[in-house]
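As structure tokens, one chain now follows by itself in the form predicted on its own.
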């Protein structure tokens, strides 16, 4: 068997970290700020491009990393707003091909206040608007934004992508890094990566899918790229119920078992906290977990369906072949 076929743990690239710190942010300028949903939806998500040319960030971010944004003004305590991190949604060469324009995928946060601490009024239910993401979504081309970073050194593509196959799993705005990764792997100036690449996107409704046109185009143009969607609140097949990503893996196990059993495969997950738990359970139930997670003795005798989020956080550990970003 060739050396390439027996490849297991990936070799990750060296990264530059914290070139711009929160106490001394630099000024970027918005280039574009467009909706990136498939259709009309009950959420608002944008693809925001920011010009960082002339700053230390220029040419120094990698896909899979994140950068910080500091909203203007002060918080309720009278202090400046804290930095918020956003995933890089473009290839490492940027939207412009020269590393000068970085992009991300902000979602408006709109909710009602809820009583959380002693002293909070139990009946308060006024509207709450998230600070930083709404600030980003409001920006117009030409507007200035304070940015920091880069951050992150593990959720990256390997140095030699052709040595590996890839399973990308996303929910919601967790799709952001996979947009950049898919473009980097398949639209590289030196030619597309020949590896098998499967992207699974979980969404409540078809209209909530992000960057759907891009992924469908890449699937048409590249036989080694497969795009799967798991829509949880619309009928799936003959069922009146929807389907989540773990169930989709089960349903298409003839496709995913050989891929996940291969020593070449790397598994990436990005999305809301809890989405990883369902995937871990599916891997364990199908004897596919060993190459991606390690479970402490405390959980060995407990049915994975009964694991709590706290137990998973404490006793389930990813291997070098499993990259997870949840928020």
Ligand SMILES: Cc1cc2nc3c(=O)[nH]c(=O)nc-3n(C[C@H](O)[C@H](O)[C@H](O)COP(=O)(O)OP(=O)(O)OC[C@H]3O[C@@H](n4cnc5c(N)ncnc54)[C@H](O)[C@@H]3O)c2cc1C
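Numbering follows the first chain given and starts at 1. Predicted, not measured: the structure shown is a model, and the values here were computed from it.
One more form of this protein exists, namely the form predicted in complex with the named molecule; it is left out here, but the text below deals with it.
A heavy atom within 4.5 Å of the named molecule in the predicted bound form is found for one listed residue only; from 123, 213, 112, 254, this is 112.
Though the named molecule is absent from this view, in the predicted bound form it lies within 4.5 Å of a heavy atom of just one residue from 291, 66, 282, 60, which is 66. In the predicted bound form, the named molecule lies within 4.5 Å of some heavy atom of residue 131.
Interface membership of residue 102, defined by any non-hydrogen atom within 4.5 Å of the named molecule in the predicted bound form, is ruled out.
Mapping the unseen interface onto this chain, residue 168 falls outside it, with no heavy atom inside 4.5 Å of the named molecule in the predicted bound form.
Within 4.5 Å of any heavy atom of the named molecule in the predicted bound form lies no heavy atom of residue 196.
The stretch in contact with the named molecule in the predicted bound form, judged by heavy atoms within 4.5 Å, is 83-91, chosen from 219-227, 83-91, 182-190, 139-147.
Shown without its partner, the chain has 173, 176 in segment 155-189 as residues with a non-hydrogen atom within 4.5 angstroms of the named molecule in the predicted bound form.
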